[in-house]
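This document contains two forms of one protein chain, each encoded as C-alpha cells and listed individually as structure 1 and structure 2.
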Structure 1
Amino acid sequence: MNHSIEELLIATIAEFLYGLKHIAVGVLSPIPGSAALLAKVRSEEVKKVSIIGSTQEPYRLDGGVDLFDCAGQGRVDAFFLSGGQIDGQANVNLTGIGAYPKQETRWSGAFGSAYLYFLVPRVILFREEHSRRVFVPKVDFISAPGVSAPNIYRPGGPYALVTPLCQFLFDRNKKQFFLKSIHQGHTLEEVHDNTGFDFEVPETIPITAAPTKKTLKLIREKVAPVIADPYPDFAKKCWPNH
C-alpha cells in the first residue's frame, strides 16, 4: 500500500512512544500529534495524549499552564520540540539568527521549551526541513540546551531526531547524535550533505521501516479524524478522501 512522507514520519515517530503513559504535544505539531494518537490507538499502555489546540475532551489541554504543571509534577513522559536551528549537541534555537541581542532575524521565541527540555524524560526533536540551514555546527543562540553539566538536576532531555531524510538517536553520555536509519530513497551521502554537524554512523545502516497496511489503516481511519480537530488543513491535505 502506498504511503505519503507524512504517514512515514507519523509511523516512525510513533515507534518512540509505545509503552509511555502520557504524551503531550505543543502547538504547530500535526505530525507529532498524529504519531502520539497512533501510539495510543496501538498501545494500551499509552493512557493519555494531550494536544494543545484540540477541543476534544480526551485530548484537550488548558494551554501552556496545564502542560507546564503536568511536566513539573513528572506527569509527562514525552514531548516534541523543533527549532529554527538545531546543532549536534541537540541545542535548540527558537530565538533568531545572528548575535544576540542584535539579531538579523527574530523568531517567535522559546515559550517554555527549556523548562520542558529539562523535565520531560523523552523529548523528540522533529523538523520537516533537513538542511544545513537548520542543522548547524553550532546554534546562534541556545533557547533550550540539549546537554547540561553533571551537577545539574535534569531528568529530561533529547531522545531522538526525526526528519524527512532519516532518524537519529541521541547519546546523552557522548553528547552526540548517531544515525538510527535512513528513509527509503535517500542515502548517507545525502544526509551528510544536508547536515552541518557530525554524527556517528553504524557499520550497517538500516532502512526505516515503511508503515504496514494495518498501520496505514489506523492512521487514515482512527488518527486522521481526531487530528483534523486542531489541524483541519493538514488532515485535508494528507487524507482528502477520509
Structure 2
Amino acid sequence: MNHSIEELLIATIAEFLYGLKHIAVGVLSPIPGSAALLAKVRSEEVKKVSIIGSTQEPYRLDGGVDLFDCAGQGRVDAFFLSGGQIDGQANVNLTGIGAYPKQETRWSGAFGSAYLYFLVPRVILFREEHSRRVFVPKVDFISAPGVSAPNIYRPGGPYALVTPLCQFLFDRNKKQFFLKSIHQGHTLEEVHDNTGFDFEVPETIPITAAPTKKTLKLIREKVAPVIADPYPDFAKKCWPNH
C-alpha cells in the first residue's frame, strides 16, 4: 500500500510511544500529534494524549500549569521537541542565531523546553528539515541541554530524533546519536551530507519499516479525522480524500 512521507513519519514516531500512559504534544506539531493519536488507538495502555493549547476534550489539559506540574509529578511519559538548531549532544536551540542577546535571528524562545527536557522520560526530537543549517556541530544558544552532569536531577531527556531522511536513537551514556534506520529511498551519504554533527553508525543499516496496511488504515480512518480539528490544513494536504 502506498504511503506518504507524513504517514511514514507518523508510524515511525508512534513506535516510540506504544505502552506509554500519557503522551503530551506541543503546539504546531501535526505529525507528532498524529503519532500520539495512532499510539492511542493501537495501544490500550495509552490512557491520555494531551495536545497543548487544545480546547477539545479529551486532548486538553486543565490549564497551562497542569502540563508542567504533571511532568514534575512524573505523569508525562513522552513529549516532543524541535529546534531551529539541534546539535550532536542533543542540545536544542529554540531561541535564535548569533551572539545573545542581540541575535541576528531571533526565534520565539525556549518555551517549556528548559524544563520538560529534564522531566519527561522520552523526549522525541522531530524536525521536518534535515539540513546542516538545522543539525549543527554546536548550537548557538542552548535553550535546553541534551545531557547533564550525573548529579543533576534529570529523569528525562532525549530519546530519539526523527527526520524525513532517517531516525536516530540517543545514547545518554555516550552522549551521542546512533543511526537507527534510514527511510526508503535515502542513503547514508545523504544523511552525512545533511548532518553537521557526528553520529554512530551500525554495521548494517536497516531501512525504516514501512507502515503496515493496518497501520495506514488506522492513520487514515481514526487519526486523520481527529487531527483535522486542530490542523485542518495539514489534514487536507495529507488526506485530501478523507
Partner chain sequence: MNSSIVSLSEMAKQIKNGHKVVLFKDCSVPMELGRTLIKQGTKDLHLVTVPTGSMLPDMLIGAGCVATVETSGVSLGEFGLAPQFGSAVKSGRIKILDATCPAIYAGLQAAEKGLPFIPLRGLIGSDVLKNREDFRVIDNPFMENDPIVVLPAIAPDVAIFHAGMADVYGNVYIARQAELKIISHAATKTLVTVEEIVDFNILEQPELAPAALSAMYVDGIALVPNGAWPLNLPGYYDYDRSSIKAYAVAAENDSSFKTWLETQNSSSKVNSH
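Because the structure is predicted, anything quoted here is derived from the model rather than measured. In this text, rigid core is short for the largest set of C-alphas that superpose within 1.5 Å between two forms. One-based numbering along structure 1's sequence throughout.
Engineer: Please match the form predicted in complex with its partner chain to structure 1 or structure 2.
Structural biologist: Answer to the question: structure 2 is the form predicted in complex with its partner chain, whereas structure 1 comes from elsewhere.
Engineer: Gly53: with the rigid core matched between structure 1 and structure 2, does its Cα shift 2 Å or more?
Structural biologist: Yes, the C-alpha position differs by at least 2 Å between structure 1 and structure 2.
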